[in-house]
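Taking the form predicted on its own, here's one chain by itself in structure tokens.
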């Protein structure tokens, strides 16, 4: 009897989250509408993320024609693309710029979705797949950082992999060996060498994209099934047709943003904003560059790691992940006003530490010294 009730509850949960009766062109396109209110601009962020992901795939495929995933040729192949292949510098800049813009749009999309309480029943699976997509996007960024095989990329990867191993010091018994084994599996060797580059290359161009496309497909399918969340406590009652009205507006936003990204990639090399541009290839005997940092979207965890105990940051990181995955149930009865305040605090922290993290770090270290 207990098993029967449990099975029935599971079936009801799935049928409510994946309503097969709505799988039709009429329900998912013709009758679908988009609410119109003060937060309606947030509905475009998911589409912009998809735009930059598409640019990533197209430019990534073009780069594969010339890139060579070996420690002896990786750096020189990237240099060849940048300096000698017609349009190569544009493609590489567009790939790099769209990577950062995609992550920026995805973070803003997650924040606005949370603030609008768009994760509530029956959209729990849509939210959870969104969190998984965020993690996969970070994995793409981390794995791609190593591929040019320059001094900063290799050393930053070493630091990232070492942080996995450090977790073992806080685990009991045999579990203490698990992080080291995970690190060795990812690294593929005792040191960051050819095996590591090969595995990161496979992760970046095969494993992560396949997983991302599969989960993204379900994410978009779920959005089409359930439609856009109202997103506000007091709906205006106004809406517009998803097709063709919203789609045409979305495409207009895509066109403007793509033109801006294209012009930026054409005029401003992505490396120009980095203190470590693509110069010398990695030298195992060379010294680690001073002031080594990860990409900007990891600053929210990088600077706290520099200032606080590792165990505390690891604990807070895992707690944050748990909260993100369980948000539909944790914040089930939380008002949108409270969610907006939580989002505002998170946004101030994330963008504040991203922009002013180095100044804050220098200030704190100066006081302690």
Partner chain sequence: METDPLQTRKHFILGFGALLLSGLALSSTLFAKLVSYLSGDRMSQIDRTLFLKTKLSRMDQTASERKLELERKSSEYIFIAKMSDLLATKGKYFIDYEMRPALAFQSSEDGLPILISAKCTHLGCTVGADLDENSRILCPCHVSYFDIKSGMPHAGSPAKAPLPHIGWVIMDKQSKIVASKHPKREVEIVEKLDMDSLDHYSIYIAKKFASKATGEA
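What you are looking at is a predicted structure, and each value in this text was computed from that prediction instead of being measured. Numbering follows the first chain given and starts at 1.
Just so you know, the form predicted together with its partner chain exists too; it's not on screen, but the next bit is about it.
205-213, 172-180, 129-137, 190-198: which one contacts its partner chain in the model of the complex at 4.5 Å, heavy atom to heavy atom? Residues of 190-198 come within 4.5 Å of the partner.
Pick from 225, 71, 146, 106: which residue has any heavy atom within 4.5 angstroms of its partner chain in the model of the complex? By the 4.5 Å heavy-atom cutoff, the listed residue in contact is 71.
Its partner chain is absent from this chain, but in the model of the complex, do 220, 229 and 318 each have a non-hydrogen atom within 4.5 Å of it? Per the other structure, none of 220, 229 and 318 touch its partner chain.
Is residue 166 close to its partner chain in the model of the complex, meaning a heavy atom pair under 4.5 Å apart or at it? Contact check for residue 166: yes, within 4.5 Å of its partner chain in the model of the complex.
Would you check, heavy atoms only and a 4.5 Å threshold, whether residue 185 touches its partner chain in the model of the complex? The answer is no: residue 185 has no heavy atom within 4.5 Å of its partner chain.
So in the model of the complex, does residue 88 come within 4.5 Å of its partner chain, heavy atom to heavy atom? Within the cut-off, so yes.
With heavy atoms only and a cut-off of 4.5 Å, decide whether residue 125 touches its partner chain in the model of the complex. Although its partner chain is absent here, residue 125 would stay clear of it in the model of the complex, with no heavy atoms inside 4.5 Å.
Check each residue of 65-79 against its partner chain in the model of the complex and list those with a heavy atom within 4.5 Å, in sequence order. The stretch 65-79, when checked against its partner chain in the model of the complex, contributes 65, 66, 68, 71, 72, 73, 75, 76, 79 at the 4.5 Å heavy-atom cut-off.
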